[in-house]
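Just the one chain here, laid out as structure tokens, in the form predicted alone.
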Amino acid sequence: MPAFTRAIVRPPGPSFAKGLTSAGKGAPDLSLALAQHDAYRDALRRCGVDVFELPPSDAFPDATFVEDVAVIVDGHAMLTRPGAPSRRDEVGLIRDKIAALFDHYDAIAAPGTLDGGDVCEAGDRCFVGISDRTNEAGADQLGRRLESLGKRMEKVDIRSIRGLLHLKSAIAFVNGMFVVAPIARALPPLSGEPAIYIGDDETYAANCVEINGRVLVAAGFPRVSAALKGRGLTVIELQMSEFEKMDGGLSCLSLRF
């Protein structure tokens, strides 16, 4: 994986509990969510990352999930067009920061939709989930940009997998291999790739993040942590209970570049 030196984050705002979710785990506790987000931000810094923290948004309950509104690959940024209509205007909240950090950026145009949570970079390839949030037109627009960067896009249709919001809800690319939840095991073209396969009761932990030789993992999933440590990786476990209630994972909370 490339070295990450910077990240963009946004703490959850006062309306966080009004965000989109299908988790069925109850309403999040905002004060606890803020403490968990602080720990996440501090972990990024421990991994050697300079963190840009944007102000919380009350107008957009899901705005803390900044990964969905932009894709950054090899120092090139593309603003997305989120698949959920209620999240479309979140892109405007981050545009100025992207413009300040990048000399040039692209943007997904209608009728394309793309959520960053559906984009899994894996070496010279990028797997893009075709989901309820990301459509073919959006994936194709990203694919053309990736091709110009020497990357190859491979689409992965996840629409038939019940309960899978984004591709990266079920897979991560860590240390040259995939971490794969049970619901994603049969997905072509992922089947046959080097992988750590995790159990049904630890599906949430599939959304882990490798940063400069360390791996951020949701706390409470000891077998996933042990498997990663067994590959010689340093694991940082983070409490994520309040973000899990809102269908969010570790990767969702930052844009890393």
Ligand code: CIR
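Note that this is a predicted model, so its numbers are computed, not measured. Heads up: residue numbers just count along the shown sequence, starting at 1.
Same protein, other form: the form predicted in complex with ligand CIR, not shown, and the subject of what follows.
A.B. asks: Which pick from 165, 108, 128, 172 sits with a heavy atom within 4.5 Å of ligand CIR in the predicted complex?
C.D. replies: Here the answer is residue option 165.
A.B. asks: From the candidate stretches 190-198, 66-74, 38-46, 23-31, select the single one in contact with ligand CIR in the predicted complex, where contact means a heavy atom within 4.5 Å.
C.D. replies: Heavy atoms within 4.5 Å of ligand CIR in the predicted complex occur in 66-74.
A.B. asks: Wondering, does residue 81 line up within 4.5 Å of ligand CIR in the predicted complex on heavy atoms?
C.D. replies: Contact check for residue 81: no, nothing within 4.5 Å of ligand CIR in the predicted complex.
A.B. asks: Does ligand CIR come within 4.5 Å of any heavy atom of residue 252 in the predicted complex?
C.D. replies: Answer yes; at least one heavy atom of residue 252 falls within 4.5 Å of ligand CIR in the predicted complex.
A.B. asks: When the contact criterion is heavy atoms within 4.5 Å, does residue 138 count as touching ligand CIR in the predicted complex?
C.D. replies: Residue 138: no, not in contact with ligand CIR in the predicted complex.
A.B. asks: Is residue 237 one of the residues lying within 4.5 Å of ligand CIR in the predicted complex, judged by heavy atom distances?
C.D. replies: Residue 237: no contact with ligand CIR in the predicted complex.
A.B. asks: If you look in the predicted complex, which residues in 105-140 sit within 4.5 Å of ligand CIR (heavy atoms)?
C.D. replies: Residues within 4.5 Å: 117, 133.
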